[in-house]
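Just one chain is shown here, as C-alpha cells, and it is the form predicted on its own.
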Amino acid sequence: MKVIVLGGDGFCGWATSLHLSAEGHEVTIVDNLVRRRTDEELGVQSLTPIRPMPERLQAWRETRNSPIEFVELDVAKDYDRLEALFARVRPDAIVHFAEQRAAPYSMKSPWHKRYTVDNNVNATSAVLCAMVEACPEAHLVHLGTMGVYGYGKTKGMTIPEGYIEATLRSAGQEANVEILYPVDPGSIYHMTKTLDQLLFQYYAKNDGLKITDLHQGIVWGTSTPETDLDERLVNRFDYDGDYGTVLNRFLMQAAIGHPLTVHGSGGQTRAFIHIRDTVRCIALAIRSAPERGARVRIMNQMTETHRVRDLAEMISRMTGVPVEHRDNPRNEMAENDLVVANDTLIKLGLEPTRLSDGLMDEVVRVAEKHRERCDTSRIVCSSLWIKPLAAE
C-alpha cells in the first residue's frame, strides 16, 4: 500500500514509519520538524541522540534498501501543498500523528494552550478536507487518546470502544440511541482530541470517508526491531516533565539513581501500551479499513492498566531507588479505577506486550547508556493546570 505518515519524525510517527516500510508499504513521511524546535524552546533534549532527518532516512536506505520519501510541510498551515501531495501520491492510507501530543506542554501558558488548539484542530480539519478533494477512497488512521474518556466517573464500569447505548428523555418521550461516549478531557491537549472526534464523525457521515480513531494509552519503551537496526535510527526518549510519559520517566530516574517522582497520591490509574505494540496496532488498523459510509471505527489501543504508585513501587523494588511524592500539578481526582475494553485489536491479531516481558530492563539499559545527556532539573513537571490565586 501507499501510506502517508503525518508527523513521521516524532516518537510514535518515526517508529511507525519504519515498521510500515519494513512490512513492504510505500511510505511517505510528512513533518514540519517542530518537535525538534520544541526541544530548543524547552532547553531539553531527547535522552537518546536523534539524528537529522536526512541522516535517519539514509540509514534506513542502507539498512533495508527501502527508501522513505520525506516532505517538509506544516499540515495545519500549508493546506494547498497538503492537498497537492495527496493528489500526487494517491495514498491508500494516511496515518495522522501531526498533533502536539503532550498534556503538560498544552497547559504551560496561554500561548501553549492556543498553539495546541490551533495546531491540532486545524491539522485534523485540513487532512479531512484535503482527503475529500484529492483522495476520498483513502483510509485515515488517527492516533487519539484514552484521555477523551476522562478518569474516575465510570466507578469501575468498563469503558467501551468509543460508543455507548443511551436513552434520551425529553418532554415525556424517550429514544434509545448509540452515541459517542461522553467526553471528559483533562487538559487542552485532550480537549483537542475530543474535537477531532466530532470532525471525524461529520466527515464520515457527510463525505463517506473511511476513518479509524485509535484511543491510545500511555506509551512506554523506546525501541522497536526497526529502530534497533542502526544507532542512527534510534527513537526519541523523552524524560522531562512536559513530554516524558510516566513509566519512561520512572525507568530513566531509576537508571540514574534519581528518586521516582510520583505526583499526588499516585492513585491515578492509567492505560499503557509499549511502542512495539503501537506500531503493530497501526499496521493492523491499516490492513482492515472500514467500508465507505460506515461510522467512524474507534478502537482502544492499550494492553494493560496500572496505578501510578504501583508502577513506582514495582520499579523501586526492582532497582532499589526510593519513591518521592510531589504536589500534583494536574486538576484531577486523587484516585480512580479504570477498566477498558480492547476487543477489536485483540481480534485483529494483536499479541500484547506486558510490563512483565522484560522490556523494562531494556529501557533502563538505554537510559543508563545515555545518562550523561540527562538534565535532572528538567525531570519535575512545571506546568500547572490551575493558575494560583494572587495573594491578598
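Keep in mind that this is a model prediction, so the values were computed, not measured. All residue numbers refer to positions in the sequence shown, first residue = 1.
What follows is about the form predicted in complex with ligand NAD, which we do not show.
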Check for me whether ligand NAD, as it appears in the predicted bound form, comes within 4.5 angstroms of all of 34, 189 and 236 - heavy atoms only. yes
Partner-facing stretch of 215-223, 311-319, 175-183, 158-166, counted where any non-hydrogen atom is within 4.5 angstroms of ligand NAD in the predicted bound form: 215-223
Among the candidates 269, 245, 288, 201, the residue which, in the predicted bound form, approaches ligand NAD to within 4.5 Å (heavy atoms): 245
Scan 140, 296, 76, 299 and let me know which has any heavy atom within 4.5 Å of ligand NAD in the predicted bound form. 76
Answer for residue 240 alone: is it within 4.5 Å of ligand NAD in the predicted bound form, judged on heavy atom distances? no
Residue 381 versus ligand NAD, in the predicted bound form: is there a non-hydrogen atom within 4.5 Å? no
State yes or no: in the predicted bound form, is some non-hydrogen atom of residue 97 no more than 4.5 angstroms from a non-hydrogen atom of ligand NAD? yes
Is there a heavy atom of residue 193 no more than 4.5 Å from a heavy atom of ligand NAD in the predicted bound form? yes
Go through 1-19 residue by residue and record those having a heavy atom within 4.5 Å of ligand NAD in the predicted bound form; state none if no residue qualifies. 7, 9, 10, 11, 12, 13
